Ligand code: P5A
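Only one chain is given next, in C-alpha cells, and it is the form predicted alone.
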C-alpha cells in the first residue's frame, strides 16, 4: 500500500479522553474513531490488525479440530428465558422489542443459541465430540465503558462451544482449548498466563482466564515467578491424544497463578518469597466447563451407546479478539508509539523515501515495494512529499516492526538502511539483502 493513497488520520496530540496507552495510541495512529462511549468504528489500520488477530484465532481453532459457524448478533429472548438467564443477566444485556412485540436481545454470549442449534440437529452420541465456534460482535451495556477497546460496550469475540458424551471427554475439550489458546497467544507475541478464575454468569466449576501482565490491567493477579517462563514453542501437539494434551495443561497450570477472586493466601505463601509475584493483568480469554447446565435446561440430549437419552456435557471458550488489539499495545509500546510483534503487524515493513521526486530514490523504493509484494509480504510505502522527520514519526507511531529507509547518499553507495522498531538498531545493506532479511524474518513467524 502507498501511503499517499491510504486513509491514515494520525493525530499529533494526545486525546484528552484517553486514559491508557492503548486507547491513546489507537486514536493517535488512526486505528479507531469513537462513535459513542464504548462504541468504535475501526478504520483501515485498526481493521487490518483486527483481521490479523482473527486469522490466527481461526487457524488455531481449526488446527484443534473445531468447526467455524456464524450466529446472529440478535437473539430471541425466549431461549434465554428457557435457560433461566434472561432475568439473571442484569442491565448489561441490551433488550429490544421488535415491531411484532417479540422480545429480543443483542447477544452478550451464545450458550443458549448454540444449544438450540445442537438440539435441533444432533441426536446420536456418534456425532460427538463436537466443537462449534464463531467470531462475532457482542454487546454488553457497561455502566462505565472506558479504556478504549479494552472495556467497550460493543466488542468482537471468538466464542466456542464443546459438546461431549461424558465428563471425561468434556474435560479433554477443556484441555484442548487451553493448549490451542496458548499457541494462539504465543503466535501473537504475547505471554498470556492461564489463571484459576471465577466463572461469573456463565457458570461452571472449572474455569481459567488467560491474562497478559500489564500495569493497566483491571485484575489483580498473584503468580509464581516461574510461570511467565513457560512457553509452548514449536512443539507438535496431537489434539486427539488426551494424555499428551493433559500433560501440557498440567505443565502450564501446576504452578501458582490466580486472579484476586480465587486467590489463596496460604498457598501463595508456601512459595519461596523471591517467587511470589503480584501484578495487574488484562483478561484476553477464558475457558469454562459447565457440564449439563444448559443441556438439561434446554433438552439438548443424545442417544447414548446404551440407547438412553442423556444430556450432553458442555463447555464454553472465549477469546476477546478486539480486546487483544488493546492488550497487544499495552504490552508493546514506547514513548514514540506502538511496537507491533511480527505476528500481528498491519504491514510487514515500512518503506521511507527521504527524497520523493528524486528519480534514483523513487526507482529504488518502487523496486523494494515490488520485491516485497512478490515475496508475499504487505509493505507500506511512505511516498508522501513530507519531511523526513514527519515520515519517521508516522512510522514510529504506527509501530511497523521493520523500516527500510532510502536516501540519495545511500543509493549512491547501493545501500539502504534496515531499522528494527523494537531495538532501534539500524544496518546498511543492499536492497536485495534487505528484502531477503525481511522475508526470512516472516518465514520464521509463519
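No experiment lies behind these values; they were computed from the predicted model shown. Positions refer to the first chain, counted from 1.
Keep in mind that the form predicted together with the named molecule is not shown, yet the notes after this line are about it.
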message = By the heavy atom within 4.5 Å rule, which residue out of 355, 333, 151, 119 makes contact with the named molecule in the predicted complex?
response = 151
The named molecule: the contacting residue among 169, 224, 186, 283 in the predicted complex [heavy atom, 4.5 Å] = 283
inquiry  = in the predicted complex, does residue 140 come within 4.5 Å of the named molecule, counting heavy atoms only?
reply    = yes
task = Evaluate residue 111 for contact with the named molecule in the predicted complex, applying a 4.5 angstroms cut-off between non-hydrogen atoms, and reply yes or no.
result = yes
request  = Classify residue 163 as contacting or not contacting the named molecule in the predicted complex by the rule of any non-hydrogen atom within 4.5 angstroms, answering yes or no.
outcome  = no
inquiry  = Whether residue 176 contacts the named molecule in the predicted complex should be assessed with a 4.5 Å heavy atom distance threshold; does it?
reply    = no
ask   = So which stretch, 361-369, 317-325, 336-344, 74-82, is the one near the named molecule in the predicted complex (non-hydrogen atoms, 4.5 Å)?
value = 317-325
